[in-house]
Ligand code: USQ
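So this first bit is one chain, no partners, the form predicted alone, shown in C-alpha cells.
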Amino acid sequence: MHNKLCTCWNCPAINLAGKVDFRACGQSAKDLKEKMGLQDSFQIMAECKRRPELGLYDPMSITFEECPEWRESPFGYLLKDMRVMILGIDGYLGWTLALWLGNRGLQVSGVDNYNRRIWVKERGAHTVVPISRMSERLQAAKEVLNIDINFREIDIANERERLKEFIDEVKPEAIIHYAECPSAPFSMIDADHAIYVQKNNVLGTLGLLFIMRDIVPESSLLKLGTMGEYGTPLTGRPLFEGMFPSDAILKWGDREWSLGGELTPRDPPSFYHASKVQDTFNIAEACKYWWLRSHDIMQGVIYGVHTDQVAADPRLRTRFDIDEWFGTVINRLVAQAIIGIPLTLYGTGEQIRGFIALEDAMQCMTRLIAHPPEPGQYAVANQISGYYSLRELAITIAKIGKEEFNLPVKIQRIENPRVESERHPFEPIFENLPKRFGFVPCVRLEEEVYRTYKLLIQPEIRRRIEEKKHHIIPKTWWSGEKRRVETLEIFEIEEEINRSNERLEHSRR
C-alpha cells in the first residue's frame, strides 16, 4: 500500500486551525520544526474532525494503516465515506470519475454549468456517444450502480458565492477541479475566445483557492493541468514533474546553483495552455501562503471509452467528441476510420505527445485522492502511461481498423494549422505515479483503440459521426487565417505498416 505510512499530517480530517504558526508555510512537519527552531521533543499538536475522542495529539503518531477511518482498497488506503467534490462533473472525465469513485464507496458531489455542451454546440457539433440530461444521468447512476450524487448547477467562475455555500455545506475532503475549458483550438479562434478561456480558467481557479482557504483549508485539491504546459523544448531537456529534481544544477560562467525544488520552465503552445501555466503559479503560491495542499496533475492526452461503470448502461456513457475543437487525437482518428475519412496528420505527423487511457487515468486519480499532500505542499505528477508520435498512432489505429473491422483505412497529411515544431525531441519524466503512488498501467493502447472501435461502429453512433463529419477537419489557424486546411498527401496503410514493422524489427536487434 503506497500510502500506509502516511500520517494524520496528510489526512484531510486533521484540524490545524489555531495550532500551527502558518508563517512557516510550505514546509513538511520536519522542516517546520527546524524552521521554527523547535526541539526534537516538541510535538505539533492537532485534533481530528472524525475522532474527537483523541483530543489534542501528535498528528505524526498515527499512520493510515493504523487508523480505523482509513480502509484498505486496491488503490491504497481510502478514507471511509470520503467526501469528494468534482467540479466539471458533466464532462468526459468528470462524469466518468464520479461513477468510478461512487462505485468505490466515496461520497460524491459535483457542480457543472454545462459549458462543455454549449461550446460543442457553438461549433455545430455534438457528442457522438449520446448522453442524457443530468437529471437522467443521476437517476441512472442510482438505479444501476446505487450511487447517490449530490449535484448543483453552478458556474464556478461567475457564481463564487454559490460555490462557497455548496462547499461549506458538503465540506469536501478532496476537490477535483475539471471545470475549465480544455481546448487549445477554442482558445485560438479570436480575441473573444482567448479572453474568455483565460478568464474562465484562471479566475475560476483563483476564486476556488480563496474559498478553500476560508472553508476547507485541510482538504486536498486535485487540479487538472496538462503536459502541454512544458511545451516540447528543442534542446531535448527532460520534462521533469513540475519541479527540478534535487540534484539539478544551473551552471553559468564559473558559478553554479542548485535548482532543486524550483518550478521548471514552461512553454505553452496556445492561450489555453498559457491559462494552465498561470494556474500552476497561483496554486503553488496558495499552498505557500495558506498551507493549502494540492496535486497538480500534468495530464497527457486521455483517450478511450471504457470503465466498467460507464459501460454498465447506455444512460451512464460519458461524452465523446470528435470535432476539431474538442475531439482529442486518438478519439478523432478512430471516428475518421469508421466513416472513411483518411486519418489526419498535421504536417509531418512526427509530433510526440504523452497519452493515457481513460480507465488508467481514473486509477491514477484514485491513488492521488488516497494520498493527500502534506499541508503547504504543492505536489506534481505527470499523468501519462506512454508516449508516441502521431504518425505511430495513426498507423496503429489504421492497422486495427483494417485487420479487426475490415475498414479501408488510409492516412493523409494535411497543412498544420498550429504553430509548433513538427520534429522535436521528447523525454517526459513520469516516475511519481508508479514509484510513489503504486500506479501500474492496466490498459494497452491497442486494447483501448479496439474498444473504441467497438462502441463507435454501432449504427446509431456511426450515424451521429456522419452527421458531424464536416467538423473534424480543422479550420482554426493559430495565425488567424480563416480557411479549411488543405490535404498535402494521402498514402496507403500497407506501406506504412511495413515501414513500422521494419523499424520495430530493427530496434529489437
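Start at 1 and count along the sequence shown; that's the residue number. The shown structure was predicted, so the numbers you read here are calculated from the model rather than taken from an experiment.
What comes next is about the form predicted in complex with the ligand, which does not appear here.
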| 4.5 Å heavy atom contact, Leu333 to the ligand in the model of the complex | yes
| Using heavy atoms and a 4.5 Å limit, would one call Arg353 a contact residue for the ligand in the model of the complex? | yes
| query | Is there a heavy atom of Pro182 no more than 4.5 Å from a heavy atom of the ligand in the model of the complex? | reply | yes
| query | So in the model of the complex, does Glu165 come within 4.5 Å of the ligand, heavy atom to heavy atom? | reply | no
| Gly228, Tyr272 and Val329 each touching the ligand in the model of the complex (heavy atom, 4.5 Å) | yes
| query | Among Ala140, Val301, Met188, Leu106, which has at least one heavy atom within 4.5 Å of the ligand in the model of the complex? | reply | Val301
| task | Find the only residue in Arg319, Arg83, His193, Arg418 having a heavy atom within 4.5 Å of the ligand in the model of the complex. | result | Arg418
| Segment that reaches the ligand in the model of the complex - one of 242 to 250, 203 to 211, 359 to 367, 343 to 351, heavy atoms within 4.5 Å | 343 to 351
